[in-house]
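What follows is one chain in structure tokens, specifically the form predicted alone.
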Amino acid sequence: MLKFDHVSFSYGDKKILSDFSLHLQKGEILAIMGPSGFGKSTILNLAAGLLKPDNGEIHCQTDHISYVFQEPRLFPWLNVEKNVSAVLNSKTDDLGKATLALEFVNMKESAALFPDELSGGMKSRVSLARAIAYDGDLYLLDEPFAALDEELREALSSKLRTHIKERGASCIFITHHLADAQAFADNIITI
């Protein structure tokens, strides 16, 4: 599904990745853990094609990618429902998919609210709902549960894992919580 072959990447003079290799199988959920500033988010940006490696190659078998960024990236002028449906192509079933995705994250009742009316945890759930509505073959999740309380984090983590597995999708999940990684992922790497 996704392969990094001896990838190196730098931001200017700061080397982030050096000769990094990774092979993500179809249907695999991989957690990546490590200290802040060691390249975890950079790996996701490279996988999504948002960054290009300095050296090495990245092979991805899909361009249908659901990406949840570390910080929710919501359009401030759109309500919750429109933020979720913004990633969908078909106008005929946008509302249905958006509604189902909002139900998935327990946010259906907040569909008419705007981002400035939401808490940090609610914004994170809207970002997750958008990724679920798009329903990629590859999920890139950058600390998607960080702003959630423990009970909600566990519930959504379990639901999302089941959803990804049932679809046969692959996933890279960034987290600082070992318990989350163990519960969500098939494999864990530390960088």
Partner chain sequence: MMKITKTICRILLIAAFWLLIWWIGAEIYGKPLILPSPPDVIKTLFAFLQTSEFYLFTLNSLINVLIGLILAIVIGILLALVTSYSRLLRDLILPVMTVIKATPVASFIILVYVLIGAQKVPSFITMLIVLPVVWTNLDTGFHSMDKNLLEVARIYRFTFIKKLRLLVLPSVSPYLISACRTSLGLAWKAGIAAEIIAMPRDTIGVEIGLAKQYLESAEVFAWTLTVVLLSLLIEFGFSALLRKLAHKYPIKGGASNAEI
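Numbering follows the first chain given and starts at 1. The shown structure was predicted, so the numbers you read here are calculated from the model rather than taken from an experiment.
Here the subject shifts to the form predicted in complex with the partner chain, a form of this protein not shown in this document.
- Query: 31-39, 57-65, 160-168, 145-153: which one contacts the partner chain in the predicted bound form at 4.5 Å, heavy atom to heavy atom?
  - Reply: Of the options, only 57-65 has residues within 4.5 Å of the partner.
- Query: Is Glu103 close to the partner chain in the predicted bound form, meaning a heavy atom pair under 4.5 Å apart or at it?
  - Reply: Although the partner chain is absent here, Glu103 would stay clear of it in the predicted bound form, with no heavy atoms inside 4.5 Å.
- Please check if Leu74 has a heavy atom lying within 4.5 Å of any heavy atom of the partner chain in the predicted bound form. Heavy-atom contact with the partner chain at 4.5 Å: present for Leu74.
- Query: Is the gap between Leu118 and the partner chain in the predicted bound form 4.5 Å or less for some heavy atom pair?
  - Reply: Although the partner chain is absent here, Leu118 would stay clear of it in the predicted bound form, with no heavy atoms inside 4.5 Å.
- Query: Taking heavy atoms only, is Ala48 within 4.5 angstroms of the partner chain in the predicted bound form?
  - Reply: Close contact exists here: in the predicted bound form, Ala48 approaches the partner chain to within 4.5 Å, heavy atoms only.
- Can you tell me which residues in 117-133 come within 4.5 angstroms of the partner chain in the predicted bound form, by heavy atoms? In sequence order, Glu117, Arg130, Ala131 come within 4.5 Å of the partner.
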